[in-house]
Each structure stands twice: as structure tokens, then as C-alpha cells.
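Next up: a single chain in C-alpha cells, the form predicted on its own.
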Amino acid sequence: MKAATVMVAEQAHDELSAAVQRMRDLGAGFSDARSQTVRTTGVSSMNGELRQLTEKSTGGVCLRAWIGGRWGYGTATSFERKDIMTAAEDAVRNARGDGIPGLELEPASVRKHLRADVRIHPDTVELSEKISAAMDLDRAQTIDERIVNSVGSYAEEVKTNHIVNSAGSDISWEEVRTICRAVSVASDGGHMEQYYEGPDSTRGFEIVRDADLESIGRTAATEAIATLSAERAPSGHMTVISDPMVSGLLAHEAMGHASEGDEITKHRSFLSDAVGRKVASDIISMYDNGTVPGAHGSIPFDDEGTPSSCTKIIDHGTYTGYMHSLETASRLGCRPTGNGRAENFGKRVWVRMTNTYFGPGEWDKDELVSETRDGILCDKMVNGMEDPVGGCFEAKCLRGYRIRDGEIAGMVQSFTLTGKSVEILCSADALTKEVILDGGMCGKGIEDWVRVSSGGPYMRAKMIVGGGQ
């Protein structure tokens, strides 16, 4: 089944080329055709029982025509020639209308064919081993009667893409992502706390075989139990040491979304006129980098066929630029950055992040804590909110630690962090040497999701802390 699906997609090359030419013949100034297959496997075990097992496969073709500064889309849910040609004609018809006359795209002309850089491809692993991984993560959490809910999960995604465009590109590549998680919920009869642990990567099944699943599960359970004794967090304007997850939330939600080129062209970003302006302290540099080996958001090409790249968004406190698709790069007179991404062949391309993070500093974590007189240290995030228009930051932390006179003075329960993004970054005065990335999903538009990661070092800055539950 899987091999047959991939073979069908590869056989679509001639149809893609014919569709691109058809759109050109009908008046498209630029056209592209992208075939895609997406295969996913998901396994979850809860409280010692297998609760979910899914295997899904989808595929189809996206056709795009650019006419008079306007995109037209057409999609086919098969790789049959007649369906692809009909979708190509739909794309041209949908492109007719009011656009931006004279706006020309500058696509790259690339001819390259890549397989995923993995040591153990998930396709070579029996389903039974994937099920065992999830159940092992689950079972490892049963260390104490206070663990009232334990979940072990494994998920994989294998995506194959083939793009042909009128600029001469002929590109195919494969993306593989694997992730496993242990999630523990502990209760003392009065309240409940949770903790989670586990790796994610664009590597293959080796991230599972190389991991100590027993240790991951026990850590999740041990930390969930430990959080039961945490005290209520303080409130007020405080010194906060954000961990890499929370630093990543600030990079992604507050600064990243506001740096997407389509938010700039729509005038929906507080950073629209920020290039060359000071937006952070001198120690802060920020990147969106789709080329980080093994990171969850890494891609060899975006969904327009532009090679992935590293975009420096902040350079030692000075704002330097935006992420771009073909269209936004043309509108703003810049080069495409490889950030034109779509959830799948049936969705439109938006400007989307890949791996977004703050660069490293010069401190060690222990040194940073010892040099903090009074504050709070974050430990994992729950969620965050984007505000590209207002430039505000809001996040919920899973838990943290109180710092008094340079020492950890006890654990605190979940709390919120808020503030103006620029004010927070301008207050930053210390970063650790190590940068850690955490993978996940990012939504945009009407529930369009792509794989990303975010992160950074431990960062000390001023934020508003909201304690209590």
C-alpha cells in the first residue's frame, strides 16, 4: 500500500509538467504543480491499555497559476491526468480578477531529488514495535498510586513532495517526522498536576530506539508527583528566567508571527516599519532557520520549491527583516526565504515559520540562577497566544521555581506571563550558552497547521507574573 502510493506520486511527473504548460498556454505568467502524499501512524496507550491506533494516507495535487498579481488554485485528489488537467484549468480561471499589475515573481530554478536523512526509516519498522514503544512509555509511569492517569504515545508522519514549475524547477523530497511522549497526571485527592516528557525530530525511528523509554516515563511521573507539593506562584512585575520552551514561545508567538511577510503586506503587524529599529537588548539575536539538522520544523524546500534558509530576524537587538513567500518577497522587494508553506496539497500557501529561536548567550544555567537575587524560573509551557498587531506576549507555564538570594527556594504551580514583547526583550540581560528546540504544530488562517519548532536559551528578563490557579 505505502510503496504503491509513492510510486503513483512519482509517476505523476509527466502530468505535472503537462499541467504547468497548460496553465502557461492559458495565460499564466507563472505556474507550478505539486503532488503530495502524506502517511501518518499514531499510537496511544492510557493506563496500561491500548486506546488508539490509526494509520492514514492521503494524496493529491495542488495547481497554482499567477496572473496579473493574483494566485489561482486548483486541486486534484487523484493522480489521474484528466483530473490534474481539470484542476490546472480551474487554477487559471480562479486567478482571473483584480490583482497587482506588474508584480512579477522570482522563483528559483532548482533540479534536485532528496530522500529523508534518517538512519531507520519508519516504513522499515513493524507496527508491533511502535505499539510497544507507546505502551512502554505508559507502563513506566506506574511508580506510585498518586499517578491517576498515564499516557504513552508514538506518532510518525512521512510526507513525499514533487514540484514542477514554469521556471524550470523539478524537485522531489521526503520529510519524516517522529515523536513520542509520556504524559502523567498525579493527584493527592485535593488537586491534580501533570508533567510531560519525550523527544521529537525529523530523524527516523532511531529517536525511539536510542531513547531510554523507561527513564522518560518515570521522569514524567516523578515530576508530576513532585508538582503536587508546589506552592502558589507569586504575582507582579518580576525578574523571570524563561526556560527554552518559554523563550521559544516568545520567539514564535510574539515576534515570529509578526515577522511573517503576509502579515506585513496586510499591515497587520506591529513590526511593519521596524527594520533598522532597536527592538531588544544587544544580547538578543533571533532566527527562523529551516536547515537545523533533525529539528521538528526543518524542511529542505518550502511548498513553493524555494530552498530552505536561515533568516536573521533580530541582530544584536536590531530588527533586520521578515520571512517570505514568493509573493511577499516580490511585494516588498526582497528575496524569498523558503517560508511559503501549506498544511497539505489541498490548502493554500501562507508565510509560515520553521524553527524559530533566540541565539545563545554566555552564561551557564546555574550561574544565571546564582546571580539572580529575586525571581522565578520557568519549567515547561502549557500554551501561548499570538498578537502580531498589538505586540503583546501571553503564555501559561506548566510550573516553575522561586529564586531567592541566588538559590532555588521551592517549586511553584502553574502561572501566566504577560507583557509587551519589545519591553520584555529590551529588559533581557542574560542568556545561557545552550539553545534547545521543542517541536510542535503551528496554526494560521482557518485551522491551517504546519510542523514547527521553537526555542532558545534560558533568558533572564522582566515580565508580569500571574500566580494562582
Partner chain sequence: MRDYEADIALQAMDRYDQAEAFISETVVNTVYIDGTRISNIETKREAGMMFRMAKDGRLGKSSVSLNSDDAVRNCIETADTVLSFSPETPSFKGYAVPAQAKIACPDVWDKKVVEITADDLRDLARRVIENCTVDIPRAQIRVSATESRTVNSNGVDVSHRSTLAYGHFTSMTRGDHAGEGMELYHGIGLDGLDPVRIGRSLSEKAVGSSNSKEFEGSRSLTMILPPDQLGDMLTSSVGSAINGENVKYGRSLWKDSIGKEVASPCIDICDDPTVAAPLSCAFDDEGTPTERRTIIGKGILGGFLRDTFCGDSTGNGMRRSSVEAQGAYDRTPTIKPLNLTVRPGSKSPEELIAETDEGILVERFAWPEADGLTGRFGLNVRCGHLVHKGEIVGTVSNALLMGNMLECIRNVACIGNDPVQMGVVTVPTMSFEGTELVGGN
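Residue numbers count along the first chain shown, from 1. This is a predicted model, so every value here is computed, not measured.
Below, we refer to the form predicted in complex with the partner chain, which is not included among the displayed structures.
- Residue 346 is the only one of 346, 294, 307, 360 with a heavy atom lying within 4.5 Å of the partner chain in the predicted complex.
- Listed residues 194, 285, 372, 289 were compared with the partner chain in the predicted complex; 194 is the one with a heavy atom within 4.5 Å.
- With the partner left out here, the partner chain still marks one of 429 to 437, 26 to 34, 51 to 59, 400 to 408 in the predicted complex; by a 4.5 Å heavy atom cut-off that stretch is 51 to 59.
- Residue contact check for residue 77: one or more of its heavy atoms lie within 4.5 Å of the partner chain in the predicted complex.
- The partner chain in the predicted complex comes within 4.5 Å of a heavy atom belonging to residue 135.
- Heavy atoms of residue 392 reach within 4.5 Å of the partner chain in the predicted complex, making it an interface residue.
- The partner chain in the predicted complex is approached by residue 447, whose closest heavy atom lies within 4.5 angstroms of it.
- In the predicted complex, the residues of 372 to 401 lying within 4.5 Å of the partner chain by at least one heavy atom are, in order, 383, 385, 386, 387, 389, 392, 393, 394, 396.
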